[in-house]
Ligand code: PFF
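Heads up, the chain below is alone and in the form predicted on its own; it's given as structure tokens.
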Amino acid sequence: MAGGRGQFSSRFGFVMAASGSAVGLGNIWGFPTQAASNGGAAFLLVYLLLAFLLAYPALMAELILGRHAHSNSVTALRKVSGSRLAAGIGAATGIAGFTVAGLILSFYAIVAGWMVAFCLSAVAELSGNQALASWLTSFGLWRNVFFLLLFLALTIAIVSAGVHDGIERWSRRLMPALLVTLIVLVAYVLTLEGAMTGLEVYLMPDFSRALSAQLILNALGSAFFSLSLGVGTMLIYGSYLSDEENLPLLGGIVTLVDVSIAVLAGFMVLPAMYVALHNGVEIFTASGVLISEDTLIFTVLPELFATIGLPGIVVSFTFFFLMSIAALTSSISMLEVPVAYVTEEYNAERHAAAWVIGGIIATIGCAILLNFDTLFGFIVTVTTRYSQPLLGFMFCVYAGWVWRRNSLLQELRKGYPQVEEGLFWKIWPWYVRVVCPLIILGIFAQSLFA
């Protein structure tokens, strides 16, 4: 049972941990830049709708599977299988899930390391050490390796401390810090010249684009990936929940927090882009297309901060501190997926498992850095564009088709005795069987031809 393997001590602790897993770099910079490239508020409206039409039902599939098994994804999918074939496919899906989670973390930690380096660069500038500040913002191999290892060491240290003393304790600290930092940045950016133009782009919808097939597919992808679905992170967090918790309610809260932070980030990033444009920093290519996300974060925004003077250095520190927190809360859940499997399947000691698995991921990350032009984009594409949708599809299939309906209902009744009378049970079972798999396959098909 969950009590012997760790368990969230409170509803708030779970919401902070699960929201932290969902709220990553994609929410803070990916969603706003997607909105800027896809009609602003038109994209925002479609995204909000699809977050609850796709992301919430798929999230529930993972949470229910995890809480039912009180175990890792391999065991959870085996447990709901009614045949040896289904159990074998489920085990393979779980293994693929934690493998993909580890690969995602290997490149995610590289980008997160850049965030930490840029954050510390602002400190170096404030102290007058320009040489150190320049090194921290350079794309050098040793800088990249150092901050990759530093970021992974922080992640490993938290995961190795366990569910309550590590994941929950730090999520309860980091998520409120993230939210406060984000609100402060939004309030400041909106006072700058040019911000209102960006705010208008964000809030005034171009309804002619709202029904665009490309916009809908992009919004579908953003909604799906924003909740860390497909690799078992939400399943493993669900496995640490008490049987008394109301899963549909908790899943709704996590989805709402995740979406709210993504939307709030838009109030910072889009106005900041147009502040940069107002200050002479170019944000569009010669053809009028918004520049790429990585250039925006690591070139345009630092140039913007530089135009503000001393306050800009403080804002730069605050912004990259925010990004570092967002990255850390997500990386914790990614590492927990393989660590949970190894500790439960092989009775390994958690501390050792976290450091060994983290060391393997660090080695892969260093290999990516040594062959950056070849491996970075390749691994990003294989994991996020192809693997995550297919794995998310399999979780929906197991929750909707493989798992017996009566057993699933009994699981939901544990924390919600009146579930049969509510709207959730009237819609979700058939929705996760038919609609979610079709939508996810649509995302996958779009990725093949993108």
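All figures in this text were calculated on a predicted structure; none of them were measured in a lab. Note that residue numbering follows the sequence shown and begins at 1.
Only in words, not in the display: the form predicted together with the named molecule, which the text now covers.
Asker: Considering the named molecule in the predicted bound form, which of 25, 435, 441, 15 comes within 4.5 Å of it through any heavy atom?
Answerer: Exactly one listed residue reaches within 4.5 Å, namely 25.
Asker: Among 262, 76, 334, 236, which has at least one heavy atom within 4.5 Å of the named molecule in the predicted bound form?
Answerer: Looking at 262, 76, 334, 236 one by one, just 334 meets the 4.5 Å heavy-atom criterion.
Asker: Answer for residue 109 alone: is it within 4.5 Å of the named molecule in the predicted bound form, judged on heavy atom distances?
Answerer: Residue 109 lies outside the contact set for the named molecule.
Asker: Quick one: does residue 354 come within 4.5 Å of the named molecule in the predicted bound form, counting heavy atoms only?
Answerer: It does not: once the named molecule is placed as it appears in the predicted bound form, residue 354 has no heavy atom within 4.5 Å of it.
Asker: Using the partner position in the predicted bound form, report whether residue 104 sits within 4.5 Å of the named molecule, counting heavy atoms only.
Answerer: Although the named molecule is absent here, residue 104 would touch it in the predicted bound form, with heavy atoms inside 4.5 Å.
Asker: Would residue 274 show up as a contact with the named molecule in the predicted bound form if we use heavy atoms at 4.5 Å?
Answerer: Contact with the named molecule, no.
Asker: Between the named molecule and 115, 121 and 298, in the predicted bound form, does every residue show a non-hydrogen atom at 4.5 Å or closer?
Answerer: Per the other structure, none of 115, 121 and 298 touch the named molecule.
Asker: Using a 4.5 Å heavy atom cut-off, which of 155 to 163, 76 to 84, 228 to 236, 196 to 204 contacts the named molecule in the predicted bound form?
Answerer: That would be stretch 228 to 236.
Asker: So which residues in 382 to 399, when you check the named molecule in the predicted bound form, have a heavy atom no farther than 4.5 Å from it?
Answerer: Read in sequence order, the lone residue that approaches the named molecule (within 4.5 Å, in the predicted bound form) is 388.
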